[in-house]
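Next up: just one chain, as structure tokens, the form predicted on its own.
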């Protein structure tokens, strides 16, 4: 490990490794740090993503592909469902292999990559600009300087917080959840359909359950609920109830728990000498909390701004804020609409949502645009009109 780099990246998840790849491609010296003993472990993700985004950063490798998804099914609490195709080609990946492949690609391009290396603080110059990190590696502390630091250390990001970015959302805008990897499911799941189960009163308060097949007999099965509605029944208890009904007799092969902010991206993702990407910047979808591809795109945008900024010798917040504008231009209105849609769903009674699913199930969804779908729903549920105006104003229904 050298004493100084152009870019230090804290966190070797998809966003951190994507940033390292783009930085190395730009000819910058890069240090990619991961606090855990093994990149990609433990898995804290449903492992679903689109195909195209990862292929912008590394070649396809069948070793990180678990499954291909043909359709999504949205269920109400009564078991009725609407089946729709994905908006883009969707796959289930093996995050351990996937994340390590991304980090290895960064290494092949010249980045220095180290696991078991925890960032424990930031360095600042005499003007207060971030200029490196303090890290702990195998019990030894050291300081490493950098012209730019990237916070990619996930939802619990300490690095962004140390830099003064406001990363803590209100409880209502935070999902808490748990996921089981279930086995012994052959004949009880369709391996080409990802399931979402929504029941704001009887299944998952303020959230949803999912079944993401990894093979013909295994699946990631989990739940997220709004953190402010996590009592008196825990997320684990909601998931156990669902599994007992949906997958009785299944084996639990692994368990993971965690949380994720669902606010949409931070208003400020930069400061002097530092940028935040991925979950550290709250770039996950504010409706579903999916974030693999979005984090990688955010990292790409960050380096699109950072590379010329470093070349010009200007890593001030003023210069780096162009990254925030890039993100808002591409995702701002859409994510505002998705955020509002989540709030609409959590306010909706379960009876009302059940009726919506029945109406939508009778519509030829695969041949309809999103505005046409909404118009069709409004004909049968005129009470949605006020909510639809909100979505139009934020851009979700714009063609």
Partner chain sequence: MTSMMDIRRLDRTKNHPDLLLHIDKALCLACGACVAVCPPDALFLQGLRLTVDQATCTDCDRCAAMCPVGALSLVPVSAPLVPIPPSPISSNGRHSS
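Numbering follows the first chain given and starts at 1. Small disclaimer: the values here were computed from a predicted structure and weren't measured.
Heads up, the form predicted in complex with the partner chain isn't pictured, but that's what we're talking about next.
Annotated contact segment (heavy atom within 4.5 Å of the partner chain in the predicted bound form): 173-181, selected among 87-95, 126-134, 173-181, 203-211.
Screening 121, 258, 110, 308 for any heavy atom within 4.5 Å of the partner chain in the predicted bound form leaves a single hit, 258. Note on contacts: among 185, 243, 230, 289, the single residue with a heavy atom within 4.5 Å of the partner chain in the predicted bound form is 230. Looking at residue 235, you'd find a heavy atom of it within 4.5 angstroms of the partner chain in the predicted bound form.
The partner chain in the predicted bound form is not approached by residue 80, whose heavy atoms all lie more than 4.5 angstroms from it. Shown alone here, residue 352 lies farther than 4.5 Å from the partner chain in the predicted bound form, counting heavy atoms only. The partner chain in the predicted bound form comes within 4.5 Å of a heavy atom belonging to residue 168.
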